[in-house]
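Coming up is one lone chain in structure tokens, specifically the form predicted on its own.
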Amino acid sequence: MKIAVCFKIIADYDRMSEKDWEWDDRHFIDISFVRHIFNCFDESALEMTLKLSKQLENLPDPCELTALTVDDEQGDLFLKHLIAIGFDHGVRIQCDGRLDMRFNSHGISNLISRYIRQEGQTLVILGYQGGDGDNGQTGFLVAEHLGWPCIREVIEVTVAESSDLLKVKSRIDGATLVQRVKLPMVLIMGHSLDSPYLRVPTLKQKLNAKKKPLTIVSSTELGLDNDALHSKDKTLMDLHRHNPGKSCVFLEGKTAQEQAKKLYDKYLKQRLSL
């Protein structure tokens, strides 16, 4: 089984102060000094895939894991991290730096699906959404390009009777749905309590991963030039920083019981009586 997990790295915006939120005439914010992290949904997808590959070890068909991202050179460190913890290949799709791909789900999905067709993976796993766009469209568009069935809000994947059959748990309308599916398939990862965090490599694994090369593929090698990738359905007009306006109320009380009673009387009693 050949599995591709698509991931995106994002800036840790919680580490930015209010004065750092300044953008230039192209609506780009300088985040070069900010630590970057895995998108949380993608992190769950990556960890779940590693657990799935462990189950596939006992089957006759070999399992081949590819970590795939659309990014510039900053993605290489994260690809090396994934190779260190068990992925066989680290692949980065490089676009023209002049293109703004932040809100271009059509362009990103086109790049991913073209690479998948070229390499012949039979299972594609993506996170539900990832900054900066948080559009939640990329996984569905990849499935549409490939012409494959798609399951959203996945929380767990295990091997069924054979290597081309999987048991997929997903959430739908507040309930848990369990399906047996046949590959090829696109899975879109939701909130997973079973695989919330990605494992950490050992020093030995990191050193071994440094010796393994990454695969860098340009958008033109996939048959897509700047005009084909340019977002024609939307134009970024302006940016503004959302202020959620959250406030904090401290509950006074000498003991935890007193504080709990005030919490119940002031905030919970009326809601529970509805």
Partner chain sequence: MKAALVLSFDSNSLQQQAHEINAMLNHTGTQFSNVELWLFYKDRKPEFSPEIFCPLSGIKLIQVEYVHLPESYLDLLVALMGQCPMDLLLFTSDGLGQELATRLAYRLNGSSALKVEDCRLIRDTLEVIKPVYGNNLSARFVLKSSPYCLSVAKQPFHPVKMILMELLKIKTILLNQTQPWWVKEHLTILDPPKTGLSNTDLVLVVGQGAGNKKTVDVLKGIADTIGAEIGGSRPAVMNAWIDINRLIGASGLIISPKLCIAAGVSGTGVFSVGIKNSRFIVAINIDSKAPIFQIADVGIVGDLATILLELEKVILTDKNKKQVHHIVESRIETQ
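The model shown is predicted, which means the values in this text are computed figures rather than measured ones. Numbering follows the first chain given and starts at 1.
Not on display, but discussed next: the form predicted in complex with its partner chain.
Exactly one of the stretches 199-207, 70-78, 125-133, 90-98 approaches its partner chain in the predicted complex with heavy atoms within 4.5 Å, and it is 125-133. None of Thr158, Ser162, Gln118, Gln137 but one reaches within 4.5 angstroms of its partner chain in the predicted complex through a heavy atom, and that residue is Gln137. A residue is said to contact a partner when one of its heavy atoms sits within 4.5 Å of a partner heavy atom; Ser231 meets this definition for its partner chain in the predicted complex. The closest non-hydrogen atom of Asp225 lies beyond 4.5 Å of its partner chain in the predicted complex. When contacts are judged by a 4.5 Å heavy atom cut-off, Arg35 does not count as touching its partner chain in the predicted complex.
Although the partner is absent here, Arg152 lies within 4.5 Å of its partner chain in the predicted complex, judged by heavy atoms.
Contacts between 152-188 and its partner chain, taken as any heavy atom within 4.5 Å in the predicted complex, involve Arg152, Glu153, Leu165, Arg171, Ile172, Asp173, Gly174, Ala175, Thr176, Leu177, Val178, Gln179, Arg180, Val181, Lys182, Leu183, Pro184, Met185.
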